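Single chain ahead, by itself, as structure tokens, in the form predicted on its own.
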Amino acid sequence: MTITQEAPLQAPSRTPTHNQASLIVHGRDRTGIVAAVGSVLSKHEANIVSLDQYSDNPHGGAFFQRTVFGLDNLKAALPHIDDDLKARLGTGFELEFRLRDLSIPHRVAIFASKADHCLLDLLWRHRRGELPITVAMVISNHPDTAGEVRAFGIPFFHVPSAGPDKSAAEAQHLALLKGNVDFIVLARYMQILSGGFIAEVGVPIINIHHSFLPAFIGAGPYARAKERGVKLVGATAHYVTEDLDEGPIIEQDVVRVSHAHTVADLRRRGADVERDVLSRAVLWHSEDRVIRHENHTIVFA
């Protein structure tokens, strides 16, 4: 199944990406990596716009680099740059890399349930041009937000998912998603995805958890936070793995609360943090600023 639609009118992105590409490099650290990358880009007369790098141990540890470069004839040059990088980095340094034209936004599917604050915040930011993505669809196990989503010009699909057996719903999800999206965002989608679905869909999945992980894992974190008399409540955006709420963390934040706040107050203040944390995680992922390494991330924000 292929979904096509006209792109909605958007305000300009926060940074110009015309004729710009991102290059992500990671592997074992050794002398000469930065020079090797620079030499390939220089050969093609590319201009490096920004460069960030990190090594967890300069003596043979893991190395990570994000480079953004510009080139007037980018689309024509990218295949040749890719070939040269394969020859220089793959053979000479045994490094992995990915190269992407930043003018082509990632296609995103947003999953939601009844809570709409994260969903509508993402759609609003997308319409303003603050998120360099194309929202291909919204999928929900409840029909409540259909009208609001469609008002943004985004396709909405209601796929009920009830009971312990989610196989029928996940089969519908896969039919909608396969070949149509580059990553998925769970905007307070209150369902657990099966390991089979995660493996078969084959794209990164970002979740917002309404708690500052690893504390208060699971359901009802605000009620449990109130019981413990916490002074901070927070939210965590992370990649989804088969282990519930234990995937690599992308972003976290907190807000201060007091003994006088009710559970409703905590939930309301926490919702603000959830929106901000999720939008930052989606932005950073869509700009290739997040590199997954084992069960954590390197974020060049």
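Residue positions are given as counts along the sequence shown, with the first one as 1. As the structure is a computational prediction, the values presented were derived from the model and not from experiment.
Omitted here: the form predicted in complex with a small molecule. The next part is about that form.
- Query: Counting only heavy atoms and a 4.5 Å cutoff, which of 62-70, 42-50, 271-279, 238-246 contacts the small molecule in the predicted bound form?
  - Reply: Stretch with heavy atoms near the partner: 238-246.
- Taking the small molecule in the predicted bound form as the reference, which of 97, 183, 93, 189 has a non-hydrogen atom within 4.5 Å? None of the others qualify; the residue that does is 189.
- Identify which of 199, 76, 151, 219 has a heavy atom within 4.5 Å of the small molecule in the predicted bound form; exactly one of them does. It is 219 that has a heavy atom within 4.5 Å of the partner.
- Please run the contact check for residue 140 against the small molecule in the predicted bound form: heavy atoms, 4.5 angstroms, yes or no? No, residue 140 sits far enough from the small molecule in the predicted bound form that none of its heavy atoms falls within 4.5 Å.
- Task: Mark residue 85 yes when one of its heavy atoms lies within 4.5 Å of a heavy atom of the small molecule in the predicted bound form, and no otherwise.
- Result: The answer is no: residue 85 has no heavy atom within 4.5 Å of the small molecule.
- With the cut-off set at 4.5 Å between non-hydrogen atoms, does residue 208 touch the small molecule in the predicted bound form? Residue 208 belongs to the contact set for the small molecule.
- residue 193 near the small molecule in the predicted bound form, any heavy atom under 4.5 Å? Taking the distances in the predicted bound form, the answer for residue 193 is yes, it comes within 4.5 Å of the small molecule.
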